[in-house]
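The chain below stands alone and is given as structure tokens, in the form predicted on its own.
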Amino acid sequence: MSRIGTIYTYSIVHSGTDNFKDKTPYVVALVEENQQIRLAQVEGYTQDLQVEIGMKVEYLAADERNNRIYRFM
């Protein structure tokens, strides 16, 4: 069973720290899932993808710090 969330608001990060500079640009979003809003990284961003509030994203996993990771659907 997939877990689907909705982008509540987002930011596209074009400049990152050393740990993230090879992943830029990337999307950080507040994602609403099961009536809770959480900060998350959303994988699969490309510059030709039109990111919008209300887009559906699918939960992938949690990282080592228990931060949620989603992907664009």
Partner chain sequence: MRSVSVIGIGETRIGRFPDRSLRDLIQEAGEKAIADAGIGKEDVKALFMSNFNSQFLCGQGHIGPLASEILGLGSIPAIRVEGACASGSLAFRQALIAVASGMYDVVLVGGVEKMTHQSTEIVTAGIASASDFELEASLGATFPAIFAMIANRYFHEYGNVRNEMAMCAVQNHENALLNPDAQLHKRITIDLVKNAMSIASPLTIYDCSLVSDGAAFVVLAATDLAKSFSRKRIVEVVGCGQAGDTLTIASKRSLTTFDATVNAASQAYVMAGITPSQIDLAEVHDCFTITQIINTEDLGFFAKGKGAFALAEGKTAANGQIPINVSGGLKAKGHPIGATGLSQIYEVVTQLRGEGGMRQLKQADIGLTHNIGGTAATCVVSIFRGR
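Numbering follows the first chain given and starts at 1. Because the structure is predicted, anything quoted here is derived from the model rather than measured.
Below, we turn to the form predicted in complex with its partner chain, even though it does not appear here.
Within this chain, residue 13 lines the site of its partner chain in the predicted complex, having a heavy atom no more than 4.5 Å away.
Though the partner is left out of this view, residue 49 does not reach within 4.5 Å of its partner chain in the predicted complex, counting heavy atoms only. Contacts with its partner chain in the predicted complex, taken as any heavy atom within 4.5 Å, map within 8-30 to 8, 9, 10, 11, 12, 13, 14, 15, 16, 17, 18, 20, 21, 26, 28, 29, 30.
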